[in-house]
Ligand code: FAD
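This document starts with one chain, in the form predicted alone, laid out as C-alpha cells.
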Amino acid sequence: MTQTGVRVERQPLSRYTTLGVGGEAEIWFVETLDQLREAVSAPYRILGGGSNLVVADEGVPERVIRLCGPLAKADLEPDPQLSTAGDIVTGWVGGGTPLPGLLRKLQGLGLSNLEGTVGIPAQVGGAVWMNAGTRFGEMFGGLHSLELVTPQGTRTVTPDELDWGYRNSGIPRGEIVSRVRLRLRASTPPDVQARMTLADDARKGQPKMKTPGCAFKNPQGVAGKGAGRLIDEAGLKGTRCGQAMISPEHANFIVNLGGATAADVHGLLDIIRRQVPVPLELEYELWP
C-alpha cells in the first residue's frame, strides 16, 4: 500500500503506446501532486499519451507514471490577474489532459494559439516536453507558465526561462510537466476551426495505422528536404523488418502492420541511419 493511496498496477505498456509495442512495467496512476511526489521518490519514467515512444519488448524496470484524474483536467476560465487586453491566460491545465480534446474545447470557446498542434495524439505534458507542433504552430506558442515536479520539489517557470526551440522544450531531464497555464488569444469558433482545418489538411498524407509519429527530426540546413524526403530518396519507402514497415505514404513514419516488436522498429531505424547520407536526429523516445 502506498502512502498516498495511488493506484499501482503491472501492465504491458503496449496498451498505452500509439505504436502498440512494449513489455510490462509497474504503472502508477497519479491523480494529485502529493501522489506525484511519492511516485518520483524512486527511479521512474513518465508516460504521456504514448505517442513518439518506442518501448523495449522487455518493458522497463522503473515505475512508470501516468497522470490522470485532476491532473488530466483543464480549467480554461481566464485568470483575471494574469490576463491582459491581448492575452487570455487560463487556469491550470493538467499534464495528463489529452491534447485533441483540449483543442476541441478551445475551438468551441473561440480561443486561439494552439491550432498548429491539431492531430497530434498526445497529452499536454508530453506535447510540452517535446514542444510538439507543425509548421503551423507549436506548443510553446500557447504557453504562459509551466509547473514542474522533481524529487527535490515543485517549481513554476515561464517559457522565457527555458532554452526551448524546434522539438525541444529545454526542460531538464527528470522534471515532470504536472500542469501548465495557456496563453491564448480571443477569436471566434469558425476562425479557430478554419486554422485547425488548414493545419489538419497538411497532414492528410500521413499514415492512419499504428505509429509513434515522425521517426526523425527534419535536419537543419538541408534546403527543401525534410527527413521524410531524404528517407524516400534513399528508396526506403515500404521497407519491412518483421511486422514493422516504413510507411509507403510518408517515409518518416514507421507503422505496425500487426504484431510488430520494438526490435523490428529498431531494425528499421538502423537501416535508415545507414542508408540516408545526411545524419538524422531521432524524434522518437526509446525506452529503455
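Heads up: residue numbers just count along the shown sequence, starting at 1. As the structure is a prediction and not an experimental result, all values here were calculated from the model.
Note that the form predicted together with this ligand isn't included here; everything after this is about it.
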Answer key: of T239, S51, Q35, N256, within 4.5 Å of this ligand in the predicted bound form (heavy atoms) is S51
Answer with yes or no whether T211 is in contact with this ligand in the predicted bound form, where contact means some heavy atom within 4.5 Å. yes
Can A244 be called a contact residue for this ligand in the predicted bound form at 4.5 Å between heavy atoms? no
I'd like to know whether A39 contacts this ligand in the predicted bound form, with contact meaning heavy atoms within 4.5 angstroms. no
Proximity of G142 to this ligand in the predicted bound form, heavy atoms at 4.5 Å: no
One stretch from 103-111, 198-206, 77-85, 185-193 that, in the predicted bound form, holds residues within 4.5 Å of this ligand by heavy atom: 198-206
Pull the contact list for 107-136: residues with a heavy atom within 4.5 Å of this ligand in the predicted bound form, in sequence order. G119, I120, P121, A122, Q123, G125, G126, A127, W129, M130, A132, G133, T134
